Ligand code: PHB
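In the block that follows, a single chain appears as structure tokens, in the form predicted alone.
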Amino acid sequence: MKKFVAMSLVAVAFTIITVKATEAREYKIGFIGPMSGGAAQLGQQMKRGAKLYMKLHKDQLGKHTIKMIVRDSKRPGGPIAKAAAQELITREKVELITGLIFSPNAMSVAPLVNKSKTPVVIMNAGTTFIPNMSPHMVRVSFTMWQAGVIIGEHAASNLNCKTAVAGYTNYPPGKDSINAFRHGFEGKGGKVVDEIPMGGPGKVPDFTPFFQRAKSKKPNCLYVFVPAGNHAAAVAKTYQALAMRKAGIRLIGPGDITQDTQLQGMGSAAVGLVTAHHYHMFLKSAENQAFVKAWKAEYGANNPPDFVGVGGYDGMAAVYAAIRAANGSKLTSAIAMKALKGWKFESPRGPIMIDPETRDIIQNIYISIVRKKGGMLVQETQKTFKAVKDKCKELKLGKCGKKLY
């Protein structure tokens, strides 16, 4: 009899625990991005993507809800983002941090989450080795090496580029990008004849002296990495102002230089630009067409989505997957990482997956060219590279081969 009573008490206790674990729960999520200053358009775009996913998938969490607490990182440097993360973790008691446009912001957060074991879903920052800094981070955006290597190989093999100059914004992703381009370009027989640091990410510089230096080298191609936004528009206009196309120099780069939200304002300067990237709004898949339609319905026909917005959208899909795995329990890093390693999603950009070994994104990369059609600029996909991993980690180059935590 005593044994029966004891077993009954265990059963009752188990039932109580189970019921408690599945009770409706609010999950507090911290979102860090530039909401003011020169990069505010990027933060707004990422936030819009996250909010759109939440609106279109209200039923995915069952009884559970999300409270997204937004903090302004203001600029690319790390201290403000670090302070925001500290406040979110210690005062707001968030269970996950997401957002993070700029690489220095994401890097500054890593030591804090290593201490608190707070899971992080990176929606944008692309410097390749960032996930090596913390076992609590996954990335759903891109790495500089994914696009950089592919456009380098394509330029040498298909664009008749024998020589190239590489210009870059002088901070971690810029250095990453030219290393990737050089690896791909020279691996296929090309030669990088000059590498030019072109100011920092905070303020758009006058690109004229940098491009004049590039033009004097008489390369076949000019590879440029700059942060998306106002930097990208200035690149196209400087290229045209210095008549570099007439001089036989082709402008190429990652898709940051043809960001969809900036493209129409570039005018004829952008026509003919060739890029490698994981997203543009003209992709013809059913998923992307539905996404673009929903985005414009929500934010207006003159406010297109871009790769930053898709990063926000897909990042929130990953956050939802982690919360579903917690199912009413506290969202720990152990639960989040288990749910997201190997996670797959049919994104507007194409199928994506989190590499279970590196916690980084595996995705399609598209070679595209800008054309003018029907009075507007469009990006035409010329070639698709499927399920691209990060080459830097595959080859264990530099910091990519090291765990920094």
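Please read all numbers here as calculations on a predicted model, not as lab measurements. Counting begins at 1, following the sequence as shown.
Same protein, other form: the form predicted together with the ligand, not shown, and the subject of what follows.
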Applying a 4.5 Å heavy atom distance criterion, does Gln146 contact the ligand in the predicted bound form? no
Given that the ligand is not shown alongside this chain, does Phe291 nevertheless sit within 4.5 Å of it in the predicted bound form, heavy atom to heavy atom? no
Does the ligand come within 4.5 Å of any heavy atom of Phe185 in the predicted bound form? no
Quick one: is Ile101 in contact with the ligand in the predicted bound form, heavy atoms, 4.5 Å cut-off? yes
Could you tell me which one of Gly253, Gly309, Pro131, Pro173 places a heavy atom within 4.5 Å of the ligand in the predicted bound form? Pro173
Ok, Thr127, Gln262, Ser108, Thr169: which has a heavy atom sitting within 4.5 Å of the ligand in the predicted bound form? Thr127
Since the chain is shown here on its own, which stretch among 207-215, 138-146, 317-325, 280-288 would lie within 4.5 Å of the ligand in the predicted bound form, judged by heavy atoms? 138-146
